[in-house]
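The chain that follows stands alone, in the form predicted on its own, written as structure tokens.
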Amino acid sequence: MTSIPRDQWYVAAYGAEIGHDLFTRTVCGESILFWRTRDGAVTAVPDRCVHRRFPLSQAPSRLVDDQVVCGYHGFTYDAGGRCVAVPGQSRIPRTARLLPYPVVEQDSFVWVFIGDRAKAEASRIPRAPWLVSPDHTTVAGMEPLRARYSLLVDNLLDLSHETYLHGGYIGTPEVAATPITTAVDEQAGIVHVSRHIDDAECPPFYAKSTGLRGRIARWQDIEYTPPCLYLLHSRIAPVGSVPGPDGADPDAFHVEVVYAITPETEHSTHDFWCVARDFALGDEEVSTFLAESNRTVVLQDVEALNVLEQVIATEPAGCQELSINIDTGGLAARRLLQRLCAAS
């Protein structure tokens, strides 16, 4: 059985990646061709001609107006995947069409539905509104991961590794030392993991971006909606500062860290990451610092998980994996993912 849930929405790209030219990306083992039509809509179809399976993203295939022309034999398809021209004959075979993928552009992401298209309810797509909010400034990127997506899920639901893997950037001793609370919304299918640190060292990631010095209160509240969207609500404030009864939090800095965890194949992943902040809006120096620092942190994760993938792939049967209290969020996520896979 596959470890990748089907009948699910996945992030395939940032909207900014797709223009009026041919763009391809593999999602859940399926090679998908994208382009943006002249009216701005995103098209997503299988990246192979129905004739001899030539990749439509491969030159000399090309886009002519809103139609893609296969570079091997000239089969031509419109934005709905319908074949509109066949070389050497006027009759177009009834089966000459590319079945479009359901696609939704939302919160700066392009989502595609993998599985039974009849189940593609756009209302099921989780939201990340900070990424397009005028009250936030966002930096973003994507790194290829040569490891199964579930390893990234484990990594992000156990932030104690920040102390050890990301020391000098975002990790401090208090992160690993502070217990977590875990809750699962079974009906919504969301895992919540929280760590509230009342008195912590301020790591460079926040000291240099917020200007805070010395000790801070640091809250980490995670929401993971399997299989794809991970949200980390980070609150950084002077020690002793807490939100008011009405929710107002003027002394704090808020950072929304968003990951879209998209399987490329069973053993590779697209690691989309975004950092949205509600302070220093439009400050290019802060944006550059956060983009460079977060990419460094992401690449540290990528290096570690690439190694872990090789260890798992080559270890003998029966090797033990020990779980402790800090793993409750990751174990809950595994259970929900297994449930999604079983239902696929």
Partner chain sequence: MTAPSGDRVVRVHWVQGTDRLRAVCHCSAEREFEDPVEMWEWLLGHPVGHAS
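Model, not experiment: these values are computed from the prediction. Numbering follows the first chain given and starts at 1.
FYI, the form predicted in complex with its partner chain isn't displayed, but the following is about it.
**Q** Looking at 184, 151, 120, 140, which has any heavy atom no more than 4.5 Å from its partner chain in the model of the complex?
**A** Looking at 184, 151, 120, 140 one by one, just 184 meets the 4.5 Å heavy-atom criterion.
**Q** Work out which of 192, 73, 208, 82 lies within 4.5 Å of its partner chain in the model of the complex, going by heavy atoms.
**A** Of the listed residues, the single hit is 192.
**Q** Counting only non-hydrogen atoms, which stretch in 132 to 140, 98 to 106, 259 to 267, 184 to 192 is within 4.5 Å of its partner chain in the model of the complex?
**A** Every other range fails; the passing one is 184 to 192.
**Q** Let me test this: is every residue among 180, 324 and 328 within 4.5 Å of its partner chain in the model of the complex, going by heavy atom positions?
**A** Yes, each of 180, 324 and 328 comes within 4.5 Å of its partner chain in the model of the complex.
**Q** Residue 18 versus its partner chain, in the model of the complex: is there a non-hydrogen atom within 4.5 Å?
**A** Residue 18: no contact with its partner chain in the model of the complex.
**Q** Is the gap between residue 233 and its partner chain in the model of the complex 4.5 Å or less for some heavy atom pair?
**A** Close contact exists here: in the model of the complex, residue 233 approaches its partner chain to within 4.5 Å, heavy atoms only.
**Q** Wondering, does residue 22 line up within 4.5 Å of its partner chain in the model of the complex on heavy atoms?
**A** Answer no; every heavy atom of residue 22 is more than 4.5 Å from its partner chain in the model of the complex.
**Q** May I ask you to check whether residue 223 falls inside a 4.5 Å heavy atom distance of its partner chain in the model of the complex?
**A** Yes, residue 223 is a contact residue.
**Q** Using a 4.5 Å heavy atom cutoff, which residues in 98 to 137 contact its partner chain in the model of the complex? It's fine if the answer is none.
**A** Residues within 4.5 Å: none in this stretch.
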